[in-house]
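Take a look at this one chain, the form predicted on its own, written out in structure tokens.
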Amino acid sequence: MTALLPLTVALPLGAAFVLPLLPRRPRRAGDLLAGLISGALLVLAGLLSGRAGVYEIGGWRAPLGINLALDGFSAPVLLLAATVGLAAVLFSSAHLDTYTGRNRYWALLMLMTAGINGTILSGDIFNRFVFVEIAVISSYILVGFSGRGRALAAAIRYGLLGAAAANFTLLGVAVLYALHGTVNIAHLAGSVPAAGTALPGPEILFAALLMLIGFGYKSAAAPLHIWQPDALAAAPAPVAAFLAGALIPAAGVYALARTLFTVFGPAEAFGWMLLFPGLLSMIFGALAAERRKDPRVFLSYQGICQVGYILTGLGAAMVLAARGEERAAGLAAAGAVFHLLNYGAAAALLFLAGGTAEPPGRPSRWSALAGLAGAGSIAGIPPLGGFFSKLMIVAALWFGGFPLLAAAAAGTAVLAPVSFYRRREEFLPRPAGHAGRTPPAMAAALILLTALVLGLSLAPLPGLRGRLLGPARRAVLDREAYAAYLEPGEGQRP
């Protein structure tokens, strides 16, 4: 199965170069190719789900070669990105009737897909940086794709700030390379000493802070969130869904977690570096959303709040792991990964459900019901997945000895349903007389993501919990196993 890993990057990357060369007639040729590629990626992600392996490109061993790695953390994030990507393509095929330059749009979307998949699978931090930039540079253009003033202003602001954030990440990579002579994650995990409860050396602390700023911007964590509300409000609906449901979870939160946990290892200092922006994002996002009238801006600030939950869970997991409290650390890590998946699926669903209000159709009863499922998960309404992932994070904070943080997380968890209830007219089904017809492709996208949101709600069941959250928890926390897994002895390679 490891031979399939490069296809997850090569297929969309190849399509991105082919699509602009397609003739304008037949008009739907680009739609068909993008749909086939996205469908193939979802099949590949499904086949790779629950598996682990390493693929060395060209047969070259690290550190000279480049490798792609799949484990219990990257596999579910890859499946999330593939599902959201296919939903965005299906939705776009009807949504694009209001725009020109279809094939250019598809090329950018495929390029963004290749960047996201490469970010998830990359086995060295420099190539992860390259893949992140491929994804986000494509997203800059897609945000402004409509050519309208608001969209162009949001895209320019997003791009300028993103370029500055990229410099922080690249400088962090350079510091690590200068210190250790490698950018391979397995080699770095074996050479960067885990600080535990001690304070890391100044060079390592500096490199970690640079990474936190660079990937924190992509995560839209407060106070680095300033690009996100305008970008998600101005972008076409499927682009906003792809940004919120795949780019932010993968190129932001996943990249940050994988770097801090695996490259630097568990240390209290790094844990608090995640806890502070996590707590700030959680509280600020929940309170700021209350004052926003635009539904997309409201959802954007709710997204900042959800990213805060994820970072809080990850930060608590790192602090607890450094203190040797493995059980609470495992609960926090599992809750954070689970919430990342719930947030990505629900956020994408909400932006697509809201996008049916734009041409070519009015909101339908089905789109309102789909939006209700997404809103219920983000708001933490039982028995949807968002409730259980928030509960896991709050419980980990409480049992791990952070009662004030647990109280803050529980308080914002109560505030979210209140916020969504006050805006219930935007998420509850409308009377049949006011409902429009959702085009079939849009309906298919909503069905796909609704199924994912509801399917994730089953993850806490005993049989599924061990298969999904157990491997993810181990992949996040077990740094030594990851390093040994990527660099096993001869005869032990996957």
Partner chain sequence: MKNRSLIVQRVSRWLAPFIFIYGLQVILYGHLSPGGGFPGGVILASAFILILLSRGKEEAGRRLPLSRAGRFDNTGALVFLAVGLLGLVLGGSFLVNFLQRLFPGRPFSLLSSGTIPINNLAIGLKIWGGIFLAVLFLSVLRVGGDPDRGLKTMEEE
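Residue numbers count along the first chain shown, from 1. A quick note: this is a predicted structure, and the numbers were derived from the prediction, not measured.
The same protein also exists as the form predicted together with the partner chain; that form is not shown, yet it is the one meant from here on.
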Check whether residue 59 has any heavy atom within 4.5 Å of a heavy atom of the partner chain in the predicted complex, and answer yes or no. yes
Is there any non-hydrogen atom of residue 481 lying within 4.5 Å of the partner chain in the predicted complex? no
Please determine whether residue 14 contacts the partner chain in the predicted complex, using a 4.5 Å cut-off between heavy atoms. yes
Are any of the heavy atoms in residue 470 no more than 4.5 Å from a heavy atom of the partner chain in the predicted complex? no
Of the residues spanning 18-40, the ones with some heavy atom within 4.5 Å of the partner chain in the predicted complex are 18, 20, 21
